[in-house]
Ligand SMILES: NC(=O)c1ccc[n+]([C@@H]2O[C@H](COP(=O)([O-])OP(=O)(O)OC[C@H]3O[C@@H](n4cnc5c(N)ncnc54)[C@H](OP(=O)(O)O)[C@@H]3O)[C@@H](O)[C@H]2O)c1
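The chain that follows stands alone, in the form predicted alone, written as structure tokens.
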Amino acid sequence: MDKTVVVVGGTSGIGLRAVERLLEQGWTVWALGSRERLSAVVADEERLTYVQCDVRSADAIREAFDRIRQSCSSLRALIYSAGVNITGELGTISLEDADVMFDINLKGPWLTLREAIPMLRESAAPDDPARVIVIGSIGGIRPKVSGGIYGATKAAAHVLAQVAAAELGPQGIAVNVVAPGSTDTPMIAAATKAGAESGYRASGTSPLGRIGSPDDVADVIFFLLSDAAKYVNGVVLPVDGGTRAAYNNR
């Protein structure tokens, strides 16, 4: 079966590492990203196409998928890795910043999935479903000071994905969430830096003695894409080295 995947947020952090490894494994990749991110990426792979897309805009997402549909009729997988974490206490964070997080972290996965569903159906089969993977966060599972809006958007994205798993499962599409803890990406670096003013603190070193790497998360993404996970649907899977499990003991 043709292995074509759309990676939203494929120009930085976990999404970029997923793109690199998908190419190594023979996938054809469409990577959606913002203009600023795309300007820093050099694409020299014949199986990789970068498409500028502002995931805050339904029209932009539709236009991006129109371009994809002109080149292929089906998708084997959709990975939504775009995300933003703007820290601040609930009483002080601005409406504009909250809107950005809701648009990118919650509306983005929904709007993207809505466009992708017809193409995912084309490669769907009851015994080997098409795959959708949403990158969530343990911030959507446990509360964190100065991370309330971010956590709320991620918690909502987890529920969105689980509802999609129930609705799309009968059509041969499996939907799952990977929920990383602190991971060595530009987003967590920016949130940690901003924490000096906002009061936000990253979870930091896990019980395994380190924070996560993009490859740690990509490994789980590839499990969910594999034959070993063809009966896995509706799961929110923490990838945090045990940070969440140890939370109440700190």
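For every residue, the number given is its place in the sequence shown, counted from 1. Note that the structure is a prediction, hence the values are computed from the model and not measured.
A second form of this protein, the form predicted in complex with the ligand, is not displayed here; the remarks below concern that form.
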| item | value |
| --- | --- |
| Proximity to the ligand in the model of the complex, single hit among R67, R47, R210, R56 (heavy atom within 4.5 Å) | R56 |
| Touches the ligand in the model of the complex: S34 (any heavy atom, 4.5 Å) | yes |
| Any non-hydrogen atom of S137 within 4.5 angstroms of the ligand in the model of the complex | yes |
| Contact of S81 with the ligand in the model of the complex (heavy atom, 4.5 Å) | yes |
| Exercise: G13 in contact with the ligand in the model of the complex, heavy atom 4.5 Å | yes |
| Heavy atom distance at most 4.5 Å to the ligand in the model of the complex, all of M101, G147 and P238 | no |
| In the model of the complex, segment of 67-75, 115-123, 81-89, 164-172 with a heavy atom within 4.5 Å of the ligand | 81-89 |
| Partner contacts for 165-182, taking the ligand in the model of the complex and a 4.5 Å heavy atom cut-off | P180, G181, S182 |
